[in-house]
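Consider the single chain below, provided in structure tokens and representing the form predicted alone.
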């Protein structure tokens, strides 16, 4: 059994981190094809910060609480759920609602905890795994032997992208802004580029050009990415920390037969996310079990200290994922 109410962290009003407040909320009730999870941990992601600031609204029907991934125990199921049983431990991609003691998600968006991972590590996995796999493998079509560049190499997505690309046999480059972060990138087997001191365009051109670039910076990086791509190269955009608008010379895109694309994960349909989850289960989870792909935890905060977790993320000093401990 579980209670009628729960502790959650809500956004009092759009603004700074101190707008995250503890509140009592009703425990959500799983509807058709949904499961209810009692959380052990919740992952903290950049979209949570954007939502708190009022720059990223949840999709229709999603919880207004931040939190896009979690680990925990299934305690209830809605009608139509056949693949799970109560008491099973899972990690899950959430449409929102992860900063709470309980959360609901579509049954097909949950996955068993990969062998060898702790509950904290498992909570830090879904958002990055879904994002990286769908954009690097499915949309970006990365294959062994190609040259791959990811910006923000020590973010959760960056570190997942490095390891996944390496496991697929690609030659990996990643940007970061400090010697400490560059060392973390090199420890994962990638070539680190300190963007404060080095020109990633020059380095990639000397290497033959990037076959695929995963970018979450945008702004001034977009035309530079175009210059860094090899012929038939692909640029995949997933965020715009510097902004989405820029002037581009499309003659370069035409001459080198480049592909420029991108995606956002949260608004995609339940069916689309279920298809990504199936790919993860079949292909990425065995890589994790084999130890070729892992999760790096930067820091852990109590649920009540979610504001501190956001402040940590906003410094951009973190290496790996930030998680909230929900249950002792």
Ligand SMILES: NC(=O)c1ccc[n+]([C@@H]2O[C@H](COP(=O)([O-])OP(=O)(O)OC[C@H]3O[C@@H](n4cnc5c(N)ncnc54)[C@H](OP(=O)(O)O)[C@@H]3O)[C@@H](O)[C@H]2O)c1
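Numbering follows the first chain given and starts at 1. Worth saying up front: this structure is predicted, and the values here are computed from it rather than measured.
The following text describes the form predicted together with this ligand, which does not appear among the structures shown.
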query: Partner contact for residue 30 in the model of the complex: this ligand, 4.5 angstroms, heavy atom; finding: no
query: Contact label in the model of the complex: residue 98 to this ligand, heavy atom within 4.5 Å; finding: no
query: Proximity of residue 260 to this ligand in the model of the complex, heavy atoms at 4.5 Å; finding: no
query: In the model of the complex, residue 58 touching this ligand (heavy atom, 4.5 Å); finding: no
query: Among the candidates 72, 233, 152, 140, the residue which, in the model of the complex, approaches this ligand to within 4.5 Å (heavy atoms); finding: 152
query: 77, 117, 239, 168 - the one with a heavy atom within 4.5 Å of this ligand in the model of the complex; finding: 239
query: Stretch in contact in the model of the complex with this ligand, which is absent here, among 83-91, 209-217, 244-252, 108-116 (heavy atoms within 4.5 Å); finding: 209-217
query: In the model of the complex: members of 118-134 within 4.5 Å of this ligand, any heavy atom; finding: 127, 131
